[in-house]
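What follows is a single chain, given as structure tokens, in the form predicted alone.
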Amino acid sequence: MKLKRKLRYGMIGGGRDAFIGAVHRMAANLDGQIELVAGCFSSDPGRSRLSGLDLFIAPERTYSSYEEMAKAEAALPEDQRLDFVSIVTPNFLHFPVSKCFLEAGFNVICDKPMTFDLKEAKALKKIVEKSGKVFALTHNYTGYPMVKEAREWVKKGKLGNILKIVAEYPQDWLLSALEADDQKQAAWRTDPKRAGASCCVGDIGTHAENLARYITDLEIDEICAEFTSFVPGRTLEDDGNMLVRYKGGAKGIVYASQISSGEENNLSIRVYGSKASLEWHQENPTDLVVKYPDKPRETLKRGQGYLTPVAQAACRIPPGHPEAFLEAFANTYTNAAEAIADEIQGKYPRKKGYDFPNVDDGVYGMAFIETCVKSAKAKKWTKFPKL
């Protein structure tokens, strides 16, 4: 049930020169239901203050630390207090910031991967469950209408038994040692103290894995991974290749690369079943290709009336108009906002559930990273942990 007002949120991270913070703000603002009113936009108090001015945030609600922010916002009257916070910091801060705000009584939307490691992820799940608050994770590619259509096709058995999954995410932006020039995005992603045990797989490989799991609902049994650091001197991998065995017998290939020349953000997935297969490309997101063994392939288009109600509900504009990354990201915020509104009104969770990545997806993603790292180091098949 919607509130009769906008949801109020604060942001941690995402200040000047931060890419993903701006994306989160645009996504949250797209449907006019959410308003940014507070933030700690940098670990540098001066930069946080300047970022607050950039975003027209009241000076008294622009904070020098997230701890200060949580304490001050929790003390505000109910009609002024934040409804949730958006966490867009480097990975190593996701857990302490989430913990701080959940325990202070706030709902949380957090960028992925959820935590620094699997141990933190499991601890965060317990904190979320104890708090009774909404926790959403921005695996934003699940917000695309045609990804939701693909999921519905699998759920309805139109592909038959799933036999093979190929999920891939190649980029080329780390082909050179950008971190040596202190390029902000490269510097923290290639630093194990801030990114965790993985660069490429943790950053974008988790998107490929999450996309496969969202569409097929298949659970991983074991993984055989190979990590490579092609750029000399780089501590963490910039390329990862994973063979996957799924429970039930399906096989998979998941690969991520940040040194693939000419690739921008070519996330794609192919799901092969005993009756038919599906193919979707993030760089051409309005199309979902359906292929059959005994008749011509079909191309389903975003916004059309023949799509399932779930896919149609994720569209905002008529067919033929481009609708892509920001709108998909906004679907994650909009769907999480439904849960947050329910929580505020004492009606969370609802029986039919919600369509956004949650803390369980976050734990699974961290288990995927950890299993890949272990397999790459051991150079052998490695069992996926029981969660």
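None of the values given here were measured: they were computed from a predicted structure. Counting begins at 1, following the sequence as shown.
What comes next is about the form predicted together with another copy of the chain, which is not displayed.
Would residue 83 count as touching another copy of the chain in the model of the complex under a 4.5 Å heavy atom rule? Looking in the model of the complex, residue contacts with another copy of the chain do not include residue 83, since no heavy atom lies within 4.5 Å.
Partner contact for residue 134 in the model of the complex: another copy of the chain, 4.5 angstroms, heavy atom: No - in the model of the complex, heavy atoms of residue 134 and another copy of the chain never come within 4.5 Å of each other.
Hey, in the model of the complex, is residue 54 touching another copy of the chain, heavy atoms inside 4.5 Å? So residue 54 counts as contacting another copy of the chain.
Can residue 282 be called a contact residue for another copy of the chain in the model of the complex at 4.5 Å between heavy atoms? Within the cut-off, so yes.
Just one of 247, 295, 119, 156 has a heavy atom within 4.5 angstroms of another copy of the chain in the model of the complex, so which one? The residue from 247, 295, 119, 156 that makes the contact is 295.
Using heavy atoms only and a 4.5 Å cut-off, determine which of 353, 46, 32, 59 is in contact with another copy of the chain in the model of the complex. Exactly one listed residue reaches within 4.5 Å, namely 32.
Can you say which of 94 to 102, 74 to 82, 313 to 321, 209 to 217 gets within 4.5 Å of another copy of the chain in the model of the complex, counting heavy atoms only? Every other range fails; the passing one is 313 to 321.
Can you tell me which bits of 210 to 236 touch another copy of the chain in the model of the complex, meaning any heavy atom within 4.5 Å? Contacts from 210 to 236: 222, 224, 226, 227, 228, 230.
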